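First comes one chain, alone, set out as structure tokens in the form predicted on its own.
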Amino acid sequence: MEQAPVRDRNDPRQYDDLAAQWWEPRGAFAMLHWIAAARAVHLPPGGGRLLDIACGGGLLAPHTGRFTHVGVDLQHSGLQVAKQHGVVAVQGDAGRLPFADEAFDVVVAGEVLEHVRDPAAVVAEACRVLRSGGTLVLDTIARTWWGRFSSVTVAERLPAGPPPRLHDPAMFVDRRELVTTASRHGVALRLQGLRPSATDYVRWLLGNKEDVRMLPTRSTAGLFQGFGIKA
């Protein structure tokens, strides 16, 4: 297998380098499948229009049920993969979404805020395109020593962890600023942490399990979720 080039931390071209692995169960994005399943827990029942910001290869697709799943991403390679899984793929910038106000019943922003220079702008845009009464769901990594240690120092060395150099800890997210920004735009976010089930992970390593449950935790100092309803 041809080795991917070494990129700077947080270089978005890494997603192009690894595009063939989006749906590989034991590929570079294995943990993103597990996080997508945990994200889906917070989707409301029923249907409507769901916007998946920075959708990548469309890993949320198996969990969107009767929603019309619209995905927006900067990287063309991921969008091409997402289309193959039923996602209505739109190329665009998360900080300047190409959609009308209140166009969606649900907006999801998974594993994107720690990759952008202005996470507040992405949150503001997510709230803008969300209808009143709609659900916002996001997940990201906290700007703490534990966030850096768990998601970079440790996770980049583990099977199923993020590809090396995918994250830049300097861009991890301030939780207080995140909650304040969402509140300013009409969404009272509730935060909770996420961690992989140790038992599931060992079984996955042994080849006895296809995926790993991401369990909620009280600590939000590492990987965490936010979810709320727009007033």
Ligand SMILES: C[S@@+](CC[C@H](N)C(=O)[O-])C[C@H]1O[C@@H](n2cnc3c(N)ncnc32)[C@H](O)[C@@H]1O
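Numbers for residues come from their place in the sequence shown, where the first is 1. Note that the structure is predicted; figures quoted are calculated from it, not measured.
Not pictured, yet referred to below: the form predicted together with this ligand.
Checking A182, A54, V70, A30 against this ligand in the predicted bound form, a heavy atom within 4.5 Å turns up for just one residue: A54.
Interface residue among A160, V129, V81, V112 relative to this ligand in the predicted bound form, by the heavy atom within 4.5 Å criterion: V112. With the partner left out here, this ligand still marks one of 142-150, 115-123, 129-137, 99-107 in the predicted bound form; by a 4.5 Å heavy atom cut-off that stretch is 115-123. Although the partner is absent from the chain shown here, none of F172, G222 and F227 has a heavy atom within 4.5 Å of this ligand in the predicted bound form. Shown alone here, L74 lies within 4.5 Å of this ligand in the predicted bound form, counting heavy atoms only.
Put simply, A89 is far from this ligand in the predicted bound form: not one heavy atom of it is within 4.5 Å. Heavy atoms of A94 reach within 4.5 Å of this ligand in the predicted bound form, making it an interface residue.
Looking at V187, you'd find every heavy atom of it more than 4.5 angstroms from this ligand in the predicted bound form. Residues are counted as partner-facing when one of their heavy atoms sits within 4.5 Å of this ligand in the predicted bound form; in 20-50 these are W22, L32, R39, in sequence order.
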